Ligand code: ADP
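Given as structure tokens, the chain that follows is alone and in the form predicted on its own.
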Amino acid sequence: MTNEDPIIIENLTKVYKRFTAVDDLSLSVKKNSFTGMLGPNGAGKSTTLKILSNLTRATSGSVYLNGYDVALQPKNALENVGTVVETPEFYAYMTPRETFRYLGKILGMSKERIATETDEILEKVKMTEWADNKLGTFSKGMRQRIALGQSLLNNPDIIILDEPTSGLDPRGMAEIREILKDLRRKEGLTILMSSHMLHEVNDLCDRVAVVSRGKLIVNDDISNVIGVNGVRKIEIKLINETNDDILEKIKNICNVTEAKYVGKKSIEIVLKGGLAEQAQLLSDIGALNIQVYSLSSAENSLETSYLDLVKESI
């Protein structure tokens, strides 16, 4: 492979009897990116990640991890890869420390390295306090943190996650997200994560791949995806009450396609473009001298673009 992207999917197809789960899907994941894979139920997200993890075979097409064909060279391909795919299962009678020791031996790690990595990972996933407790006594959120920890055991440069917060309560979700936020700061680490939660992808990821009916719809920076259809909603909050004069001035700013009141001291605008246009908007609003104390993207920006993309693919 000559492409330097650490995850490459080429013309991937997976057929189960008469159902096509993945349909000629091609996707490249950039190095040091955190890519969120979005799509409706049955879109092919989990199947794609299983093929990447060598848990199932493709009907046709190829997948590569760090330049190695997963089907032909699975050991080399998965050597520097950590995965959490499907519901993690552990031996209930073992502790996290024993589990990591067992997995480390399978990976061919030395005793010294296993011990060092175990302590560091348990601290990273905030499970040091429970290092010697039986896994059978853990909540689902605690087991999920251990699952995420085991994916880090071999110090991978690629991590593949299939809905890592699925089935967790709000606290468990928040804990996993905080761990993932810390991980994304690691230089050289590439993360591919499937999720149903748009706000989760918006919060964690810098790129998004949208799939529908087994086909890739878009693969781009989140900021560009939000602006795919010219939809970037931004709310401006003012110290003083708004008036028609202020509203008219904002409407006349370049790339603003719509502006309306959403409160006595708030205006919502629709901006055409991406981050460069948003930066220019900040400058233009500052020049109006209208005492803005907050400017934020609307929460449903990614949701709006995602629903439009999926609807168009049907």
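Start at 1 with the first residue shown and count on from there. As the structure is a prediction and not an experimental result, all values here were calculated from the model.
The protein also exists as the form predicted in complex with the named molecule; that form is not presented, and the subsequent description refers to it.
* Which one, Thr47, Ser53, Thr35, Asn66, lies within 4.5 Å of the named molecule in the model of the complex by heavy atoms? -> Exactly one listed residue reaches within 4.5 Å, namely Thr47.
* Listed residue (Val29, Ala259, Ala43, Leu271) with a non-hydrogen atom within 4.5 angstroms of the named molecule in the model of the complex -> Contact check passes for Ala43.
* Choose from 66 to 74, 263 to 271, 35 to 43, 241 to 249 the stretch whose residues reach within 4.5 Å of the named molecule in the model of the complex, heavy atoms counted. => Among the candidates, contact is made by 35 to 43.
* So in the model of the complex, does any heavy atom of Leu12 sit within 4.5 Å of the named molecule? -> Leu12: no contact with the named molecule in the model of the complex.
* Asked: Is the gap between Tyr293 and the named molecule in the model of the complex 4.5 Å or less for some heavy atom pair?
  -> The answer is no: Tyr293 has no heavy atom within 4.5 Å of the named molecule.
* Might Ala21 be said to contact the named molecule in the model of the complex, defining contact as any heavy atom within 4.5 Å? -> Taking the distances in the model of the complex, the answer for Ala21 is yes, it comes within 4.5 Å of the named molecule.
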